[in-house]
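Consider the single chain below, provided in structure tokens and representing the form predicted alone.
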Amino acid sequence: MDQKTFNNPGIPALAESKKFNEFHLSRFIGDLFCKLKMHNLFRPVLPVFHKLAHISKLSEWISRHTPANYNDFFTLQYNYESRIKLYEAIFSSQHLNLPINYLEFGVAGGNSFSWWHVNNTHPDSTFYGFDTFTGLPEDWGIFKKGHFSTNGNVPNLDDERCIFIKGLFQNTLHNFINKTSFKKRNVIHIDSDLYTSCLFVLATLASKIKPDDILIFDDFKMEHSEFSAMINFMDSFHFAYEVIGAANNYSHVAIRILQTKREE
């Protein structure tokens, strides 16, 4: 506080009074909005505003995070092989042929799951695949409930290191955590699509995630999906991270955990 302010104690009081009035005005406007049911007026344009808000947040995030190992931004055409190049880049740069726990949420047919168990050949690695194997539990964008179903069939992989856990994450993950060791480095691959599923997985695993663990998101930039869940999780649990790779214009993103509690 400078000398002028110190000699005029009324100035801070006026400033606080102004903030107090702004707070009450904001609350009054919100109350009036609800009382008049103005959501009916804005409902037709809400999807546009939601999309603009999402893209703005994503654009700002991208501008602040330059991947350290792999990035194909900006490309004009989606290329499935870019996802594989992302895996290859982080696998090499992060030395992931050592013993790991690989956890994939949203296995479906098992394409990405297969890549990881084939490329990590260490006998002490374990690969866990979580899925209902009956498709999406609810509609997601253009995809309807049940899409991505394998009719309950898990991937047929001849590798005793691979274990599949069938069911909703909300019904299986707590029991899994209680009987599983997370001492090895964790590679957590989230391909759950849904915001709610992604956020549940991250929040439930929060106490098990440690520095140097890797998180991979497969549908990162979609609206109401993994980007929003990841940001909300990191802000809520005070994790620090770095982006180590991105493919297909940030559709697929890999991050490395730096610390699980920000310094005071």
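Not measured: the values here are computed from a predicted model. The first residue of the shown sequence is 1; numbering continues from there.
One more form of this protein exists, namely the form predicted together with a small molecule; it is left out here, but the text below deals with it.
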Open item on the list: For the interface check, one of 89 to 97, 174 to 182, 129 to 137, 116 to 124 should have non-hydrogen atoms within 4.5 Å of the small molecule in the predicted complex; which one?
Closed with: 129 to 137
TODO: Assess the spot marked by D213, M230 and S236: is the small molecule within 4.5 Å of a heavy atom from every one of these residues in the predicted complex?
DONE: no
Task: Touches the small molecule in the predicted complex: K85 (any heavy atom, 4.5 Å) - done: no
Open item on the list: If we define contact as a non-hydrogen atom of the residue within 4.5 angstroms of the partner, is I163 a contact of the small molecule in the predicted complex?
Closed with: no
Open item on the list: Since only the chain is shown here, I'm wondering whether S225 would be in contact with the small molecule in the predicted complex (any heavy atom pair within 4.5 Å).
Closed with: no
Task: Distance check, T75 to the small molecule in the predicted complex, heavy atom within 4.5 Å - done: no
